[in-house]
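Only one chain is given next, in structure tokens, and it is the form predicted alone.
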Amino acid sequence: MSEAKVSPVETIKLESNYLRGTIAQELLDGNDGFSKASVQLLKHHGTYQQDNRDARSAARKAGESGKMHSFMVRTKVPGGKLTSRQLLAELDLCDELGDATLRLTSRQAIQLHGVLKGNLRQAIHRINQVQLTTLAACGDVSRNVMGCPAPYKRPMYQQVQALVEALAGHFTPRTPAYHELWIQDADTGKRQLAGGGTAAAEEAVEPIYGKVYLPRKFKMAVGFAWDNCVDLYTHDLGFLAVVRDGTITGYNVLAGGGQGTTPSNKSTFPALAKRLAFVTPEQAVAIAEAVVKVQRDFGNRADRKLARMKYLIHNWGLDAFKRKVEEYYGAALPAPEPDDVTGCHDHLGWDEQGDGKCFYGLNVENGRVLDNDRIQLKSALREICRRFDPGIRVTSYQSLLLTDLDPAVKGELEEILRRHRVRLSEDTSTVRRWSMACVALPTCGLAITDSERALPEILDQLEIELATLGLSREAFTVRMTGCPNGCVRPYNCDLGLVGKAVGRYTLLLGGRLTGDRPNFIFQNMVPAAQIVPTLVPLLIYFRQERLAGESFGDFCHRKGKDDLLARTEQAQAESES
């Protein structure tokens, strides 16, 4: 690391001895939380320390004070692919050590919430016992690598999933600290790795990350032009499969995407990736390493708000960035092929895999798996996993694919879902299928307002208005976040709702389903109760003046902010007259 001024987090990582710090001692100190330094290091191990603001408020009313610490534990699931046994283990953990709910994320990972410090080691240990891991699910490293989850048996889909696994394995941190802290067998002193085996006793050196890891988080994805279900343009690094005659001949490399922004800092912005180069399948991992190392060595380590790779590319320009990547790789890279994204699928409902088996895509609203008096999704999934043992895939829309099913079980599987009051995907509105929200309040420390708890009611109202206008079958993305950090990618969708203040949101319009165009701020500080009334005049306008085949996002993009504002002002004036 350079002698230049760096952020405090950089010093914490440098002095941590490869992410060890004082975590081991603090696990035993009897406190309900960790020190500031350990909180930063724990992210690399896959867990965030959180403060439940609802619980804190209730405690204050009871005369108690202080934060109500608990932990979110995130399991890294490359490409969203896991087994029924692994999902059942996560469900057991959420009941036994968490808040009795599981959450599927927009990066195809799984989260436990409400884990107490005293149960943290047990939770992570048990996740590894079923050959999963939390290592690098968070932190300044390559995060969970995303990939199209569709279980089609065509070679191109299997090739994409193989690249996802190769990237995930290649960029997994090598430090023994994770195994020492969470997996080590106390009786033998051996460090049992996720997936089996033992680690050498000598300390490993990080061949890619070095002592201070990356300046900031780094996100990768692999997908298809006709099905950009993983939002390739929103990642630091994306690989778009170039297919000729049913075979992947290579990948267009996309670099520099990133959704987070800090409105008070005018130097920050959401960005979509730029088309960098074409690479062969054999080059893909090595090119990814070159890109990561360029970001490692030149990314901003002084200001974490400006540390993502998108800012490095913005400051240097794409040509200079490409030259540096070529230097690290050791060869020139050709320009991208003309292939680009053209479509997107949610993979919900029944579909055939191509091997005589079928899969069912189950919509999971906002990714929350729970049992309550309205829905018993957790119990339904337990029964389905035990009875049919399907493969499991988490989608980038926070939903589940149940794979490798015999077509003869369709009726029985649907009966299980209905009996547990789980709405079938076929009975779920189009707008709800294409929606998602982040966790936000009460546990996310960055949240300004509600998201997951607010969106369902907004969609209830929106469904009514869309039905009245005859627009129920229109597919457009709705994404809501509790803060501007953009965890569910709200800056390239048709309709983005970003928390601005308590109960108020920035309303963004003009992105699209394919995810390759940024949206624009339409209105700021819109109260939650006014979101749908604000949209209704625009939807009427869309119905009246859309072009043939034009989507809502494309319509808003074509008309532009000023025209749309004029229409809403006219509608308001007419309603008041």
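Position 1 is the first residue in the sequence shown; the rest follow in order. If you're wondering where the values come from, they're calculated on a predicted model, not measured in any experiment.
In what follows, reference is made to the form predicted in complex with a small molecule, a form of this protein that is not presented.
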| query | finding |
| --- | --- |
| The small molecule contact in the predicted complex: Tyr48, any heavy atom under 4.5 Å | yes |
| Contact of Thr443 with the small molecule in the predicted complex (heavy atom, 4.5 Å) | yes |
| Exercise: Cys487 in contact with the small molecule in the predicted complex, heavy atom 4.5 Å | yes |
| 4.5 Å heavy atom contact, Ala437 and the small molecule in the predicted complex | yes |
| Among 259-267, 323-331, 343-351, 172-180, the region lying within 4.5 Å of the small molecule in the predicted complex by heavy atom distance | 259-267 |
| Listed residue (Val291, Val364, Leu455, Ala137) with a non-hydrogen atom within 4.5 angstroms of the small molecule in the predicted complex | Ala137 |
| Gln111, Thr506, Asn128, Gln376 - the one with a heavy atom within 4.5 Å of the small molecule in the predicted complex | Gln111 |
